[in-house]
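One chain is shown next in structure tokens, namely the form predicted on its own.
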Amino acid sequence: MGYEVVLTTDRTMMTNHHGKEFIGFMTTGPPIGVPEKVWLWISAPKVKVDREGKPREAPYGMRKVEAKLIEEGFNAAIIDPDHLHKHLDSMKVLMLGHHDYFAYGPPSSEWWMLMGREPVNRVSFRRLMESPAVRKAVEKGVRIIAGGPAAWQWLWELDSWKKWGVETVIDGEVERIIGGIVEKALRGEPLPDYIYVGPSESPSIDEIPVIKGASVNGLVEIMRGCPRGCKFCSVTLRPLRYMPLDKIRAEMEVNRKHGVKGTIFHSEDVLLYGADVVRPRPDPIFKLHKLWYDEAEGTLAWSHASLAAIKYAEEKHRIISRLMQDYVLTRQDFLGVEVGVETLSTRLAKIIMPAKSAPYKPEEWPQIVEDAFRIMHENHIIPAATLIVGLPEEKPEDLVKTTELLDRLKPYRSLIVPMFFVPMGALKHRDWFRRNMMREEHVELLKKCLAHSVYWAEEIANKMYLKEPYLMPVRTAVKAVIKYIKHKVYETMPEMEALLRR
């Protein structure tokens, strides 16, 4: 059996990272200390597929599109990139999705500029588009549609857009429109080059389908949108919607049915599920986590949480400590999550992200960050924290303030990742931050972040991560890469500083 509508992506996305989501960050950088094949084996191993090439696990966003198309009666399926050739006779539409097609997003763009080498995600996607199967599909007249969170990047790659035969790029939430677009494509009708789906066209809860196949590492969306309104983020442009527990339960059941035991609650801020705007409420949060505890078999992770919500949730209701003691730590040693620090300058925080600290005042931001890091450390939550370097309103004193205050975070188990500013959200018309814009203050901030992250990465790898016996080779490889990076960083620090200052 072949499929008329095939959805796919490259290997850095079509993978489960050995069941460890943190390892996926390695796909945003160039291979360091090992050949690319080894780097990909560590960070993006191949997934199990059936005889048609359908993967057991696939990226969540693609699962949503697949489910919507199936519900609307299309003969559609996600296919692993190594198995596209099996469907060349039946394929009429090829749909692409990605978080970072061309490595223009953070932190890929930063690694690229700092290292002077293309990140593996960009190389891998180019390899897919220039593969015999995709070239043959183009020759046969298959209509290619691209979308996903990184759809905007095609506007910076017009030559590739034309060369690879991409007909349409869709930017935004597609549930309301995707069926009509695919129908036109199948009928041979002309399609617009670029479609932007604005907030007013965002789907309602009822229009968002339940996935039909398992998502990578059991990711399940619990809400869409964010009320904080940070200027550098595109998610804040979308309306806020909470997924009902029965829909969350149904997707967890789909994952479990297909052998994926772990669960990742996905939201821009997990603790705001069912919240009073930016104030976490105990009842919805505990019901959500009891659902996981009762229904799931494996471990839990959060995709994102805000530091202000962590502080408020614990200090007002003891939500964090109760969740960890009563549920999470009964099954696992720690909980992983991504958090946004962005800056420790109160002046800059007021301009760029005035509601990031809510319900607290922007002037309290540094103390909020420290309190939240302490709460996470005490409760075995390991954050991967982001800093944004080169924000449009940034001044040297902002960088100095951030660098100085990072010392207050040294005692807390965490990774801190500085990322060059990428124009998105309300700031999408501003200029990119590039290596040649770096000042002395930028260099000092990057050095401090690197020292912090290398120290804690060793601690985490040695005591808490990749402990399963079957992952021993991966753990050994990851520890070797960390050791190599640490050695090279300190061995070549003078040369690196000179390079960054050019």
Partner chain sequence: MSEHNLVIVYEDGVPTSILRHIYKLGAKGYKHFNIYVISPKGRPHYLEDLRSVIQGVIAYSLRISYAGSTIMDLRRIAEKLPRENTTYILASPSDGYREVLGEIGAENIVRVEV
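Owing to the predicted nature of the structure, the values given are computational and were not obtained by experimental measurement. Numbering follows the first chain given and starts at 1.
One more form of this protein exists, namely the form predicted together with its partner chain; it is left out here, but the text below deals with it.
This chain is drawn without its partner chain; in the predicted bound form, the residue among Lys162, Lys140, Lys257, Arg187 with a heavy atom within 4.5 Å of it is Lys162. When you look in the predicted bound form, the only residue of Gly198, Pro244, Gly116, Pro396 with a non-hydrogen atom within 4.5 Å of its partner chain is Gly198. At least one heavy atom of Asp193 is located within 4.5 Å of its partner chain in the predicted bound form. At a distance threshold of 4.5 angstroms between non-hydrogen atoms, Trp152 is in contact with its partner chain in the predicted bound form. In the predicted bound form, its partner chain sits within 4.5 Å of a heavy atom belonging to Cys233.
Though the partner is left out of this view, Tyr360 does not reach within 4.5 Å of its partner chain in the predicted bound form, counting heavy atoms only. This chain is displayed without its partner chain, yet in the predicted bound form the stretch 199 to 207 from 406 to 414, 244 to 252, 319 to 327, 199 to 207 comes within 4.5 Å of it by heavy atoms.
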